[in-house]
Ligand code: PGA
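Take a look at this one chain, the form predicted on its own, written out in structure tokens.
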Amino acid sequence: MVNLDKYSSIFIANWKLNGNSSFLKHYYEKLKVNSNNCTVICSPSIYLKSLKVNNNNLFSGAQDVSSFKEGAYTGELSASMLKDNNIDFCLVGHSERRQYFAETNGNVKTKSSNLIEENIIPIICIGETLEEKEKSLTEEILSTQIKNSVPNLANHKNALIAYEPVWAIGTGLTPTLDEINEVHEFIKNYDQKFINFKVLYGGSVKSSNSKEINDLSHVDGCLIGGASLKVDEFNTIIS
């Protein structure tokens, strides 16, 4: 399992449903990773074998995993299959999975447990909608998600948490820097076991705001969506 403690910051690129073979070739020809940071590329599953890694600071990650370990579940990929393909990280509970594919907190917990058992680090995503934020329910929603999505065997060495306010994903909107830092502080103080967890921020992260966000005292890195598809911009973010 990757030693998370050795990195000052962690940057996760989530390509979502984008990319092809020529895109990968161009991307890796220009990608410049920072030796002090951990960089993870989460591509569509069909390209996972094509991702370059260096087992030092550049790793490959999946965008999802099955909640089942094996069986008659057509189209699914298990945690052991990901491990067999040298995958070190996996997104779980991304807001798009929750919204479009009815992912529940229970699903996220099961998937995270299966990943940890295979020495793959789950990136457990949590976040509130705009309606929930406007009703001042952010802490209540996050508390429920943390309680029901993070498995008991998760700790700061084998799991990551990513705070991604749903209303900020792909919209160009972001919380204020103070709001981001306060929410991250809330997550780390939710329970004693989370104090040393690395908590990443995701939601319209781009080169123009990534440094300010990553420099916040309670932020340990970023989960980057659309901006990660532009390799020059991603290079700026991870530098």
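One-based numbering along the sequence shown. Not measured: the values here are computed from a predicted model.
Another form exists, predicted in complex with the ligand; not displayed. Remarks below refer to it.
Using a 4.5 Å cutoff between non-hydrogen atoms, residue 38 does not count as a contact of the ligand in the predicted complex. Proximity of residue 65 to the ligand in the predicted complex: non-hydrogen atoms within 4.5 Å are absent; the residue sits far from the partner. Proximity of residue 111 to the ligand in the predicted complex falls outside the 4.5 Å heavy atom cutoff. Residue contact check for residue 205: one or more of its heavy atoms lie within 4.5 Å of the ligand in the predicted complex. Within 4.5 Å of the ligand in the predicted complex, a heavy atom is found for not a single one of 123, 154 and 198. Stretch 162-170 is the answer when you ask which of 111-119, 162-170, 75-83, 97-105 has residues with heavy atoms within 4.5 Å of the ligand in the predicted complex. Shown here without the ligand, the chain has 14, 16 in 2-22 lying with a heavy atom within 4.5 Å of that partner in the predicted complex.
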